[in-house]
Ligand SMILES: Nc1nc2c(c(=O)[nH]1)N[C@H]1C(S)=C(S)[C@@H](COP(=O)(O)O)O[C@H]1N2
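Coming up is one lone chain in structure tokens, specifically the form predicted on its own.
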């Protein structure tokens, strides 16, 4: 059997094709015949007059004005204590534009003068040190492309009945960026960590003075004092002028507007790691310090609000990630989980980063249920909704990473369902 035979043969039920389908030049030509519009000879108006001039800072096309953060909401009586979500279904690739990165704030966005802002490292150290932006700029920096996810992401899927929402509204509290800054381990080595030190407490300079306890092992592993995001200085909503970045761990721990790190022998048990950001257990206790984000995937297209047109060949695409490392495999189902086909992964597949997956689907116009499940490098498999809920207490909210399903109606409408 030839490669093209494999590519044209369904890999799973209800029309899912082999992951190599899009890689064949012959098949690509066939796709063009199926989906491309006939060419015309008309000369468009924008080719007949000079275009606009240049600007000092670029902005998206006016025709992309609808690509915005969604689900922007603040707690009653506040203007900045809430969240906004990344429009996942309107983006491609794996890097999120800085202006579309999700937000989560506890008391608004502070307007910090960078010339007056400093990072203090103190506590169980040989010498307390203070770092300005100018000081940090003298240290060797490193860059990493990695994801950041709020631990409350996808919590709407705990509702007893499926919520009619878009992919962004359900899963948009996740994004990936190129983060650039100084490894925290370098600064801790310079301060000199004393024997008995096991933790540090990171505190932000916002009005809430957001603070979290971090194991010292993580600080010396891959923690970063991030100064840049996607090549430019951090934006205020993402922690300007500096933030802590802890790859793979719940976003709340990557403290924004970082101004103080205290090295300690034990966790501080702050309000943001006890009354909040803890996981309720069936026996009534709360499990604390559940830091890593579990293996997860979502189909971004087709998805809620992106209705399909006529039957034919489509691309199913989405994102997968794991706080434990890299994604090894993503499987897609078009028949509600009865059969699965392995999707193609866009290269490079990076550790603790979003990974784009794709597969071809020949939709016959009948109702279908699309699902994806991710497996990471350690063999951890994205759980089903039923299995995840079975191990948690009523009222738990954080670290929801279960498989999610999109139902395609014969009319082409796409809806969130429980399968």
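Numbering follows the first chain given and starts at 1. Not measured: the values here are computed from a predicted model.
Keep in mind the form predicted in complex with the ligand is missing from the figure; the text below concerns it.
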property	result
Partner contact for residue 291 in the predicted complex: the ligand, 4.5 angstroms, heavy atom	no
Residue contact check: residue 222 to the ligand in the predicted complex, 4.5 Å heavy atom	no
Contact flag, residue 273 vs the ligand in the predicted complex, heavy atom cut 4.5 Å	no
Heavy atom of residue 106 within 4.5 Å of the ligand in the predicted complex	yes
Selected contact from 287, 328, 135, 237, since only one has a non-hydrogen atom within 4.5 angstroms of the ligand in the predicted complex	237
The unique member of 96, 90, 154, 252 whose heavy atoms fall within 4.5 Å of the ligand in the predicted complex	252
Proximity to the ligand in the predicted complex (heavy atom, within 4.5 Å), stretch among 162-170, 125-133, 343-351, 205-213	205-213
4.5 Å heavy atom contact with the ligand in the predicted complex for all of 101, 243 and 257	yes
Sequence-ordered residues of 128-151 touching the ligand in the predicted complex, heavy atom within 4.5 Å	148, 150
